[in-house]
Ligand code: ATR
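Single chain ahead, by itself, as C-alpha coordinates, in the form predicted alone.
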Amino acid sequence: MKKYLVIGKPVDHSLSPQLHNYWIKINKINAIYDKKDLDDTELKDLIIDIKDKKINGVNVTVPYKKKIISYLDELSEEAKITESVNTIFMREDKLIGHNTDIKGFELSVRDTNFDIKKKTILILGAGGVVPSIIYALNKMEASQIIVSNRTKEKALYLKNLFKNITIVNWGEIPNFDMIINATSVGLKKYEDLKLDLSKAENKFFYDVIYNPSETNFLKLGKKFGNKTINGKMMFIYQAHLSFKIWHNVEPKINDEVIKIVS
(Lines give C-alpha, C1' and ligand atoms only; values in the text may rest on other atoms or scores of the structure.)
Protein backbone atom coordinates (compact mmCIF):
# COMPACT_ATOMS: atom_id res chain seq x y z
CA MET A 1 0.00 0.00 0.00
CA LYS A 2 1.31 3.43 -0.95
CA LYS A 3 1.55 6.14 1.69
CA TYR A 4 1.07 9.92 1.37
CA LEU A 5 1.36 12.67 3.96
CA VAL A 6 0.79 16.32 4.67
CA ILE A 7 3.50 17.79 6.92
CA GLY A 8 3.54 21.04 8.85
CA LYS A 9 3.54 22.62 12.30
CA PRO A 10 0.74 22.86 13.27
CA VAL A 11 -1.08 20.39 11.03
CA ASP A 12 -4.00 19.31 13.25
CA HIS A 13 -6.45 21.60 11.42
CA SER A 14 -5.67 20.09 8.00
CA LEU A 15 -8.52 18.31 6.22
CA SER A 16 -6.16 16.94 3.56
CA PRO A 17 -6.44 13.32 4.84
CA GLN A 18 -10.27 13.40 4.65
CA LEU A 19 -10.19 14.78 1.11
CA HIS A 20 -7.40 12.61 -0.33
CA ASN A 21 -8.66 9.42 1.35
CA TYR A 22 -12.12 10.08 -0.10
CA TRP A 23 -10.65 10.36 -3.61
CA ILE A 24 -8.42 7.33 -3.01
CA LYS A 25 -11.46 5.24 -2.01
CA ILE A 26 -13.66 6.46 -4.90
CA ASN A 27 -10.89 5.75 -7.44
CA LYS A 28 -10.05 2.35 -5.86
CA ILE A 29 -6.38 3.19 -5.32
CA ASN A 30 -4.36 1.07 -2.89
CA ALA A 31 -3.07 3.92 -0.76
CA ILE A 32 -3.52 5.88 2.44
CA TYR A 33 -3.02 9.58 3.23
CA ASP A 34 -2.10 10.82 6.72
CA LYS A 35 -0.89 13.99 8.45
CA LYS A 36 2.26 14.48 10.49
CA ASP A 37 3.34 17.30 12.78
CA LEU A 38 7.10 17.63 12.26
CA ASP A 39 9.97 19.54 13.82
CA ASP A 40 12.76 20.95 11.60
CA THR A 41 15.08 18.19 12.82
CA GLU A 42 12.75 15.52 11.41
CA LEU A 43 12.79 16.78 7.80
CA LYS A 44 15.95 14.82 6.94
CA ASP A 45 14.39 11.53 8.09
CA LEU A 46 11.26 12.30 6.08
CA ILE A 47 13.37 12.72 2.93
CA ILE A 48 15.14 9.39 3.61
CA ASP A 49 11.72 7.68 3.92
CA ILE A 50 10.60 9.14 0.56
CA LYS A 51 13.82 8.02 -1.15
CA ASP A 52 13.39 4.56 0.39
CA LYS A 53 9.81 4.58 -0.99
CA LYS A 54 8.29 4.20 2.46
CA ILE A 55 6.41 7.40 1.62
CA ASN A 56 5.25 8.02 -1.97
CA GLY A 57 4.30 11.68 -1.90
CA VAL A 58 4.07 14.63 0.47
CA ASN A 59 2.08 17.84 0.74
CA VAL A 60 3.91 20.60 2.58
CA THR A 61 2.30 23.33 4.63
CA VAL A 62 3.48 26.07 7.03
CA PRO A 63 6.30 26.49 8.04
CA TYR A 64 8.14 24.15 5.64
CA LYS A 65 7.25 25.34 2.12
CA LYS A 66 10.63 27.06 1.78
CA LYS A 67 12.66 25.06 4.30
CA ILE A 68 12.06 21.78 2.45
CA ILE A 69 13.68 23.05 -0.77
CA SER A 70 17.28 22.39 0.31
CA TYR A 71 16.46 18.65 0.60
CA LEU A 72 15.07 18.29 -2.94
CA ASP A 73 16.80 17.41 -6.22
CA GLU A 74 14.73 19.52 -8.60
CA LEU A 75 12.05 22.20 -8.59
CA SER A 76 9.31 22.96 -11.07
CA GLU A 77 9.46 26.43 -12.64
CA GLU A 78 6.65 27.68 -10.37
CA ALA A 79 8.36 26.35 -7.23
CA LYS A 80 11.66 27.92 -8.31
CA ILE A 81 10.19 31.40 -8.89
CA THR A 82 8.13 31.43 -5.68
CA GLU A 83 10.70 29.55 -3.56
CA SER A 84 7.72 27.62 -2.27
CA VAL A 85 6.93 23.90 -2.45
CA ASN A 86 3.65 22.30 -1.40
CA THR A 87 3.86 19.00 -3.33
CA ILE A 88 6.72 16.48 -3.44
CA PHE A 89 6.94 13.48 -5.75
CA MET A 90 9.58 11.11 -7.14
CA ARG A 91 10.51 11.08 -10.81
CA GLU A 92 13.33 8.88 -12.14
CA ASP A 93 14.73 8.52 -8.59
CA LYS A 94 14.81 12.28 -8.12
CA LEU A 95 12.84 14.21 -5.54
CA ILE A 96 10.82 16.92 -7.27
CA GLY A 97 9.24 19.91 -5.56
CA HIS A 98 6.20 21.49 -7.17
CA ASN A 99 3.76 24.29 -6.28
CA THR A 100 0.04 23.65 -6.84
CA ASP A 101 -1.00 26.58 -4.60
CA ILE A 102 -0.66 29.04 -7.50
CA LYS A 103 -3.22 27.33 -9.69
CA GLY A 104 -5.37 26.53 -6.65
CA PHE A 105 -5.65 30.22 -5.75
CA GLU A 106 -6.22 31.28 -9.36
CA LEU A 107 -9.04 28.77 -9.93
CA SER A 108 -10.71 29.64 -6.61
CA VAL A 109 -10.84 33.36 -7.52
CA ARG A 110 -12.15 32.59 -11.01
CA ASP A 111 -15.01 30.64 -9.40
CA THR A 112 -16.18 33.88 -7.77
CA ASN A 113 -16.28 35.81 -11.09
CA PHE A 114 -14.14 38.53 -9.49
CA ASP A 115 -11.88 40.01 -12.17
CA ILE A 116 -8.39 40.65 -10.75
CA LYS A 117 -7.29 42.60 -13.83
CA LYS A 118 -6.41 46.24 -13.03
CA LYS A 119 -7.38 45.79 -9.36
CA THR A 120 -5.42 46.77 -6.23
CA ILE A 121 -4.81 43.83 -3.92
CA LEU A 122 -3.71 44.07 -0.28
CA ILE A 123 -2.11 40.93 1.17
CA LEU A 124 -1.78 40.47 4.93
CA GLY A 125 1.18 38.20 5.69
CA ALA A 126 4.46 37.36 3.98
CA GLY A 127 5.15 33.68 4.61
CA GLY A 128 3.91 30.28 3.48
CA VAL A 129 1.52 30.73 0.60
CA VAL A 130 2.11 34.45 -0.12
CA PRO A 131 4.68 34.04 -2.95
CA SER A 132 2.20 31.71 -4.70
CA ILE A 133 -0.59 34.26 -4.35
CA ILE A 134 1.61 37.07 -5.72
CA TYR A 135 2.65 34.87 -8.65
CA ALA A 136 -1.01 34.14 -9.43
CA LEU A 137 -2.06 37.79 -9.05
CA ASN A 138 0.66 38.87 -11.49
CA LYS A 139 -0.54 36.21 -13.90
CA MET A 140 -4.09 37.55 -13.56
CA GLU A 141 -2.81 41.10 -14.24
CA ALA A 142 -3.50 42.87 -10.95
CA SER A 143 -2.54 46.54 -11.27
CA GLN A 144 -1.00 46.83 -7.79
CA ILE A 145 -0.04 44.28 -5.15
CA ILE A 146 0.55 45.62 -1.61
CA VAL A 147 1.98 43.46 1.16
CA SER A 148 1.79 44.12 4.90
CA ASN A 149 3.40 41.88 7.50
CA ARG A 150 3.94 42.22 11.24
CA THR A 151 7.67 41.54 10.69
CA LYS A 152 8.49 44.02 7.93
CA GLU A 153 11.80 42.29 7.04
CA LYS A 154 9.89 39.23 5.85
CA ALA A 155 7.75 41.37 3.55
CA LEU A 156 10.85 43.18 2.23
CA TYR A 157 12.41 39.80 1.34
CA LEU A 158 9.51 39.21 -1.06
CA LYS A 159 10.78 42.21 -3.06
CA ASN A 160 13.73 40.01 -4.09
CA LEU A 161 11.27 37.63 -5.75
CA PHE A 162 8.72 40.14 -7.04
CA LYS A 163 10.05 43.62 -7.83
CA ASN A 164 6.58 45.06 -8.59
CA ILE A 165 5.08 44.71 -5.10
CA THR A 166 4.65 47.57 -2.61
CA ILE A 167 5.38 47.08 1.10
CA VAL A 168 3.48 48.99 3.80
CA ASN A 169 3.77 48.95 7.60
CA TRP A 170 1.57 46.61 9.61
CA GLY A 171 -1.60 48.44 10.61
CA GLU A 172 -1.49 50.75 7.61
CA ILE A 173 -4.55 50.12 5.42
CA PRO A 174 -4.21 51.67 1.95
CA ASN A 175 -7.12 51.73 -0.49
CA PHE A 176 -7.76 48.29 -2.05
CA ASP A 177 -10.25 46.32 -4.13
CA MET A 178 -9.43 42.96 -2.57
CA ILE A 179 -7.83 42.09 0.78
CA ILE A 180 -6.33 38.65 1.45
CA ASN A 181 -5.59 37.24 4.89
CA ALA A 182 -2.61 34.97 4.27
CA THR A 183 -1.55 34.84 7.93
CA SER A 184 -2.37 31.94 10.25
CA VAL A 185 -4.39 34.29 12.48
CA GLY A 186 -7.86 32.82 12.52
CA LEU A 187 -6.99 29.12 12.76
CA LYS A 188 -8.19 29.44 16.36
CA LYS A 189 -11.71 30.87 16.55
CA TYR A 190 -10.88 33.56 19.11
CA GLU A 191 -7.97 35.03 17.09
CA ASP A 192 -8.31 38.48 15.58
CA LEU A 193 -5.98 40.46 13.30
CA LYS A 194 -6.82 43.64 15.29
CA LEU A 195 -6.81 45.85 12.20
CA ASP A 196 -9.20 48.71 11.52
CA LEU A 197 -11.08 47.64 8.39
CA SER A 198 -14.28 49.54 9.20
CA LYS A 199 -13.91 51.84 6.18
CA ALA A 200 -13.86 48.94 3.70
CA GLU A 201 -17.10 48.86 1.72
CA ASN A 202 -17.95 46.92 -1.45
CA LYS A 203 -14.57 45.16 -1.30
CA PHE A 204 -13.59 41.50 -1.59
CA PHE A 205 -12.35 39.78 1.60
CA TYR A 206 -10.47 36.50 0.93
CA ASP A 207 -9.10 34.29 3.71
CA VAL A 208 -6.78 31.40 2.81
CA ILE A 209 -7.93 29.66 6.03
CA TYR A 210 -10.72 27.13 5.39
CA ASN A 211 -11.00 25.55 8.84
CA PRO A 212 -12.78 27.23 10.62
CA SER A 213 -14.96 28.14 7.65
CA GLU A 214 -15.60 31.68 8.85
CA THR A 215 -12.75 33.49 10.61
CA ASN A 216 -13.16 36.77 12.51
CA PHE A 217 -11.54 38.46 9.48
CA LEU A 218 -14.39 37.23 7.25
CA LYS A 219 -17.03 38.06 9.88
CA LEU A 220 -15.69 41.62 9.95
CA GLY A 221 -15.78 41.84 6.15
CA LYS A 222 -19.37 40.60 6.11
CA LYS A 223 -20.38 43.00 8.89
CA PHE A 224 -19.49 45.97 6.68
CA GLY A 225 -21.25 44.52 3.62
CA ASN A 226 -18.25 43.18 1.72
CA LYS A 227 -18.01 40.07 -0.46
CA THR A 228 -16.28 37.28 1.52
CA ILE A 229 -14.79 33.88 0.70
CA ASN A 230 -12.65 31.39 2.61
CA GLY A 231 -9.83 29.20 1.32
CA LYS A 232 -11.99 26.10 0.82
CA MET A 233 -11.91 26.03 -2.98
CA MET A 234 -8.23 26.97 -3.11
CA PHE A 235 -7.56 24.03 -0.80
CA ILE A 236 -9.63 21.66 -2.95
CA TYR A 237 -8.04 22.78 -6.23
CA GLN A 238 -4.45 22.52 -4.97
CA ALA A 239 -5.23 19.06 -3.57
CA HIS A 240 -6.84 18.05 -6.88
CA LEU A 241 -3.63 18.98 -8.73
CA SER A 242 -1.43 17.08 -6.23
CA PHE A 243 -3.64 14.00 -6.50
CA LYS A 244 -3.36 14.06 -10.29
CA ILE A 245 0.46 14.29 -10.11
CA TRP A 246 0.76 11.33 -7.72
CA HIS A 247 -1.87 8.97 -9.11
CA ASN A 248 -2.25 10.10 -12.73
CA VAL A 249 -5.99 10.24 -12.06
CA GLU A 250 -8.18 13.32 -12.24
CA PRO A 251 -10.53 13.13 -9.22
CA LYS A 252 -13.99 14.67 -9.34
CA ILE A 253 -14.83 17.89 -7.55
CA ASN A 254 -18.51 17.61 -6.64
CA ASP A 255 -20.93 18.45 -3.81
CA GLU A 256 -19.70 15.48 -1.77
CA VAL A 257 -16.10 16.75 -1.96
CA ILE A 258 -17.11 20.31 -1.04
CA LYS A 259 -19.08 18.92 1.95
CA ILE A 260 -15.93 17.23 3.28
CA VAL A 261 -14.22 20.60 3.60
CA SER A 262 -17.26 22.61 4.76
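Sequential numbering from 1, following the sequence displayed. Since the model is a prediction, treat every value here as computed from it, not as a measurement.
What follows is about the form predicted in complex with the named molecule, which we do not show.
S.K.: Just to confirm the contact call: exactly one of 84-92, 113-121, 134-142, 181-189 touches the named molecule in the predicted complex at a 4.5 Å heavy atom cutoff, so which is it?
M.R.: Answer to the contact question: 181-189.
S.K.: Ok, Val62, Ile48, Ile32, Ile26: which has a heavy atom sitting within 4.5 Å of the named molecule in the predicted complex?
M.R.: After the contact test, the surviving option is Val62.
S.K.: Among the candidate residues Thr166, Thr151, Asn175, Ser76, which is the single one with a non-hydrogen atom no more than 4.5 Å from the named molecule in the predicted complex?
M.R.: Filtering the options by heavy-atom distance leaves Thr151.
S.K.: Heavy atoms within 4.5 Å of the named molecule in the predicted complex: does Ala126 have any?
M.R.: Contact check for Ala126: yes, within 4.5 Å of the named molecule in the predicted complex.
S.K.: Does the 4.5 Å heavy atom contact test between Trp170 and the named molecule in the predicted complex come out positive?
M.R.: Residue-level check for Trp170: yes, a contact with the named molecule.
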